[in-house]
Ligand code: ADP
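Take a look at this single chain in structure tokens; it is the form predicted alone.
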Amino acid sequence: MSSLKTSGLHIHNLQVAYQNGQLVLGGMNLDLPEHGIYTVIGPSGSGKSTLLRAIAGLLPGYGGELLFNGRPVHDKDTLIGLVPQNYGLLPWKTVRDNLRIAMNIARPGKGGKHKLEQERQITRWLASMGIAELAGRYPLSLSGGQQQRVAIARAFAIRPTILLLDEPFSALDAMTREGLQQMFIRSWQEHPVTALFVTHDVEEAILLGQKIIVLAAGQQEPPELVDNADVFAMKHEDKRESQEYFEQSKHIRKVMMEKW
């Protein structure tokens, strides 16, 4: 086990290849402090979703090292929440049941007090996403935006150590996406997990990320980690009109031109 970094998420020489041997990720190295939001952008084929899947434990054959606070990221004490592009909801279960099942798997408990607290947390997270009235509905009766809210509420409700989001707002109209971005930030402020948020939208990357990870088109060039603390510290509604946002947008696009 590496002893290079003991705090936060440490990605050392991460390698993932297709069955034919073609590299999807070729030796990625990143050190991400705990309790931050890291937005991830990159061209098609740069390994954005593959990075999340490796951290989530869905690619057991990866090479390299994934540590969280000095221990293997898939250690039993590290709870990982994933919001996939297809939402991952159980269609035969209600919205409330989808959250309840995930919470029971992540944090099993016994007794009346546990169940009462669990139901309170389910109601709280559904309310935080603006969908409390949908608790008894089934996923297929919901719009895409509503399903995404359920998936995000479920991810926060399990109180993960690491939260992974794979382009969760990509299919939404601009107004719905903006509302969900604000809800996501508020929820993270209440429960500041270590979050990796993949997006293809430069604006979204700047609006949501404390740091922005820009992946390169080729597998040999390392990703660039761009600090975005000045924009992140602003009120969400003020970000787009700020000089800091304008300058960051220019900088990110310059990095993209160099790496893509």
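Don't overthink the numbering: it's just position in the shown sequence, from 1. Predicted, not measured: the structure shown is a model, and the values here were computed from it.
Keep in mind the form predicted together with this ligand is missing from the figure; the text below concerns it.
Per the 4.5 Å heavy atom criterion, this ligand in the predicted complex is contacted by stretch 38 to 46, the sole one of 230 to 238, 64 to 72, 189 to 197, 38 to 46. For the three marked residues, 22, 50 and 53, a heavy atom of each sits within 4.5 Å of this ligand in the predicted complex. Although the partner is absent here, residue 18 lies within 4.5 Å of this ligand in the predicted complex, judged by heavy atoms.
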